[in-house]
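Here you get one chain, nothing else, as structure tokens; it is the form predicted alone.
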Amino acid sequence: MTDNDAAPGRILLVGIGPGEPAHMTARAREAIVEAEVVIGYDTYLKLIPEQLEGKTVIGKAMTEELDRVAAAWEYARAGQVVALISSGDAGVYGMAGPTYELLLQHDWAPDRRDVAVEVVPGVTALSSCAALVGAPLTHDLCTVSLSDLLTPWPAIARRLEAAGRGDFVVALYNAASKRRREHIRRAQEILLRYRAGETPVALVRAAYRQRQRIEHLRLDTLHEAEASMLTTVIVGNSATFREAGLMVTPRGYTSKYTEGVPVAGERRGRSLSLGLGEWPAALRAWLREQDQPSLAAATRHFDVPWDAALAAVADAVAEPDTPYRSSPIDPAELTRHLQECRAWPRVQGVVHGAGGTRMVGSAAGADLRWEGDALVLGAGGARVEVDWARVAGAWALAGACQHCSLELVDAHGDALLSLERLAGAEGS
């Protein structure tokens, strides 16, 4: 039988939620009733035995995801209605992605009449686990899977770094397995770089199933927990607190009102005190309040990229008593500015690296030069250099103590190289 001869088939990508029948959506139930064939991971199929009666049931192992999709495709092409089961939501670490990938490789398209596809959403592990421990997801959040079967660990580590630096509530999926016992410890080490040891953490294993287990602990004791592939770990952000056995992440509503009355500087119907146009003014005000103002300290205080802080003190916007002034440099003019730096009697170069590291060196301005693709200051071993291809922007910065520098930033707006004219140098 060819595709054209077969009756129209369907693939229903069904998310069954955490496994408790009461938390399965009405549409998910309907979809399984409609299905003639039900395909899924054996463990998930065991969660819905009463719904499988009279069906052709195909159980597969954990690592046989593509086999499940291929079987669903063949049955659907033959005109069958197939329910391809995922726990949680089929589109969140579930079967929706690999199904669409394989079908598109077979030149399938949504308008094809021989096989229709429907994604039936379900309650995710993230939301079901959060409901058991309080309200930890009320503010911005992200998920990271610790499984490195399909994603290299360095990529996972970069995502954890970004989540930590961004102060997201973090949900860790696939926390541990018999083979992977150190990954959760490494995740803990990364997140501890950005948040306090007492940050609340919740571990939920097998949510809403017979072997459900909930554990509350602190981030600095996460390595002591017993986690598995069935465990979801929720790590709070800097505002998350635990009280009366509940883990809560404030959105900020209560900080805007006192007994129903807006606090000073707030008014009803206004979302944020610090909007897109107002946080630069707050940064400048913070600088003016410091006994020893530092623009670098301001970037840490407000957690903004270096170029955002430079823009906040730009000539066109800064108040007269702001201790720093900056000006963006036209890329076409950058070479000329570097030539001017070569005329400085003494130049200090600071190369900024990952994790706040810095490499510092000083030399005569005439020792500033290009060597191949690198911009170099100094000679021999006493030199600093930066890959010129990484330079994406430049600013002139002047400030307290006659500070004068040329600031080079990368494509992310982070500091790359600072060339500072040393104060008090002969001839300055």
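Note that residue numbering follows the sequence shown and begins at 1. Predicted, not measured: the structure shown is a model, and the values here were computed from it.
The same protein has a further form, the form predicted in complex with S-adenosyl-L-homocysteine, not shown here; the description that follows concerns it.
Peer 1: With heavy atoms only and a cut-off of 4.5 Å, decide whether A206 touches S-adenosyl-L-homocysteine in the model of the complex.
Peer 2: Looking in the model of the complex, residue contacts with S-adenosyl-L-homocysteine include A206, since a heavy atom lies within 4.5 Å.
Peer 1: Given that the partner is absent here, does D307 sit within 4.5 Å of S-adenosyl-L-homocysteine in the model of the complex, heavy atoms only?
Peer 2: D307: no contact with S-adenosyl-L-homocysteine in the model of the complex.
Peer 1: Indicate whether C129 is a 4.5 Å heavy atom neighbour of S-adenosyl-L-homocysteine in the model of the complex.
Peer 2: Judged by the heavy-atom cut-off of 4.5 Å, C129 is in contact with S-adenosyl-L-homocysteine in the model of the complex.
Peer 1: Please tell me whether any heavy atom belonging to V313 falls inside 4.5 Å of a heavy atom of S-adenosyl-L-homocysteine, as the geometry stands in the model of the complex.
Peer 2: Flag for V313 set to no.
Peer 1: If we take heavy atoms and a 4.5 Å cut-off, which stretch out of 288 to 296, 181 to 189, 198 to 206, 333 to 341 is in contact with S-adenosyl-L-homocysteine in the model of the complex?
Peer 2: That would be 198 to 206.
Peer 1: All three of P18, D89 and Y173 touching S-adenosyl-L-homocysteine in the model of the complex at 4.5 Å, heavy atom to heavy atom?
Peer 2: Looking in the model of the complex, the three residues P18, D89 and Y173 all sit within 4.5 Å of S-adenosyl-L-homocysteine (heavy atoms).
Peer 1: Since exactly one of L103, A163, A125, A76 fits, which has a heavy atom within 4.5 Å of S-adenosyl-L-homocysteine in the model of the complex?
Peer 2: Partner contact (heavy atom, 4.5 Å) among the options: A125.
Peer 1: Out of F241, Y93, W153, W279, which one falls within 4.5 Å of S-adenosyl-L-homocysteine in the model of the complex, going by heavy atoms?
Peer 2: Checked against the cut-off, the match is Y93.
Peer 1: Can you tell me which bits of 227 to 245 touch S-adenosyl-L-homocysteine in the model of the complex, meaning any heavy atom within 4.5 Å?
Peer 2: Contacts from 227 to 245: M229, L230, T231, T232.
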